[in-house]
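Okay, here we've got a single chain as structure tokens, the form predicted alone, with questions on binding and movement later.
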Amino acid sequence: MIQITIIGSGNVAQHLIKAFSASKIVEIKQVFSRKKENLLHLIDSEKIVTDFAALEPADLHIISVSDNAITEVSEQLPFNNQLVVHTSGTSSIELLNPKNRRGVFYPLQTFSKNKALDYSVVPFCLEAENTADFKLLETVAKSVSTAVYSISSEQRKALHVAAVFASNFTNHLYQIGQEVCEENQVPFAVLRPLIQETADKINTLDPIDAQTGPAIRHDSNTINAHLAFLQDENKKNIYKILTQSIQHNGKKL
């Protein structure tokens, strides 16, 4: 069994615990959390440590903390020449203290603590400083997922920006759509099939070919009517910017 330690107790860390708990070749040796109670629903108490000094060597140590804490945490690890990785989408491999062998184990997904996931389709983006360490990361990732990629720090940064557009911004637009519905006594549930169909299209079409709506049609009458309807200036400005972006096909506005 490959022994791993997870350092952190947030959304990503908790999902990794769930994923690896079902793996047939990975054993979770320890989990670091400043508060044991954060993880008692996921793993046995004796495996949870609250002091960095209690961390022991393992085949792989996964730091799953906020980006601005990665360097500090990696400096506090009480061992040398172990394989230590972080799970950040934007942070360079170089943020990790070089006293240990460094890598990245980045699961590209939106994680919520109470939302179950099919880990077998979650893409894992890997990076390591040598071939042997990469092979170990690949083996660990493939024990839970069928989507495993070799991605450099620069590529990962681009991927994370793309993910913010495709996921975070899109979800914010769902929120705006919900607010417009609720303000006008329309059930948001009416939009759910449309949202699902739009997402499903990406499985068979490129986004540029799936685009529909008044902006791509240059339907100025409908666009102007929508803008006249919107009273909130923030919503109106977002509508204008996105309409212009669609009409310019991603080119400079």
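Position 1 is the first residue in the sequence shown; the rest follow in order. Treat the numbers as computed from the prediction; the structure is a model and nothing was measured.
What comes next is about the form predicted in complex with another copy of the chain, which is not displayed.
Of the residues 155, 97, 92, 143, just one reaches another copy of the chain in the predicted complex with a heavy atom at 4.5 Å or closer; this is 155. The shortest heavy atom separation between residue 196 and another copy of the chain in the predicted complex is within 4.5 Å.
Although the partner is absent here, residue 57 lies well away from another copy of the chain in the predicted complex, with no heavy atom inside 4.5 Å. Put simply, residue 36 is far from another copy of the chain in the predicted complex: not one heavy atom of it is within 4.5 Å.
At the 4.5 Å threshold, heavy atoms of residue 172 reach another copy of the chain in the predicted complex. Comparing 135-143, 70-78, 121-129, 97-105 against another copy of the chain in the predicted complex, the single stretch with non-hydrogen atoms within 4.5 angstroms of it is 121-129.
Residues 234, 235, 237, 238, 239, 241, 242, 243, 245, 246, 249 are the members of 231-249 with a non-hydrogen atom no more than 4.5 angstroms from another copy of the chain in the predicted complex.
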